[in-house]
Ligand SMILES: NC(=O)c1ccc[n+]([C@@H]2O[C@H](COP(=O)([O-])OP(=O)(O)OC[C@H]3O[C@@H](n4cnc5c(N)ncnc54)[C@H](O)[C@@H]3O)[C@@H](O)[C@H]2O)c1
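Next up: a single chain in structure tokens, the form predicted alone.
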């Protein structure tokens, strides 16, 4: 059960955190895995400057594992490849998808993980520029990648698309108007694509992570992190693998009658906790 032998998966935003964990878990389940990201270890030191403060921080700290993750996957006797890809660049996405199809033969699983989450400000101080950026990355990015892979999945009459939402999208987030709005919209996109994909045996689902102990979360305000942990029923953050295991399940044949759901992997943060 839960084998992905013979499947080819593509994970966006796979340089670290959830994307890296997703890629490794899919490989351990038997899939060949392609990793895309805007950041690669072999990039020039100033390559992150145009991508925002969080990308710059992760690059400066050396928290970029895109190529390393692909190497780890090959050690699992799975095929892997890395492509530098910006989910807001439609032409680049089409080129990458075509290259993957040509090299690997098919694309069976798409994990839309790439996102921006470094825009935090009350509504009167929200940056209009960053609002637009978050729409382009978090929502339109998932749309762009899903649209590009759709013809391949439709042709083969099988596919799995898994979108990364957030409890910020289901519960709201103070100072997170752009992030919360885009993640809520990802759930709407998920349900619409699930309806369209059903006739082609393409399932589309959303994961709704809670507080997960990624590198980005650990770099946040410690006092705020403690407050968020106190909201969870488990009183602790989740691990990236908690998300990755849910994604693997939704990608398998065992989940073939599940589509259009928003699966909370959140430690009960949405419950009435006291």
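Numbering follows the first chain given and starts at 1. It should be emphasised that the depicted structure is a prediction, and the values quoted were computed from it without experimental measurement.
Beyond the structure shown, there is the form predicted together with this ligand, which is absent from this document and is the topic of what follows.
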item	value
Distance check, residue 140 to this ligand in the model of the complex, heavy atom within 4.5 Å	no
4.5 Å heavy atom contact, residue 88 and this ligand in the model of the complex	yes
Contact label in the model of the complex: residue 114 to this ligand, heavy atom within 4.5 Å	yes
Exercise: residue 250 in contact with this ligand in the model of the complex, heavy atom 4.5 Å	no
Option from 74 to 82, 194 to 202, 178 to 186, 121 to 129 whose residues, in the model of the complex, bring a heavy atom within 4.5 Å of this ligand	178 to 186
The unique member of 244, 70, 29, 38 whose heavy atoms fall within 4.5 Å of this ligand in the model of the complex	38
Stretch 200 to 238: residues contacting this ligand in the model of the complex, 4.5 Å heavy atom cut-off	209, 210, 211, 212, 214, 216, 217
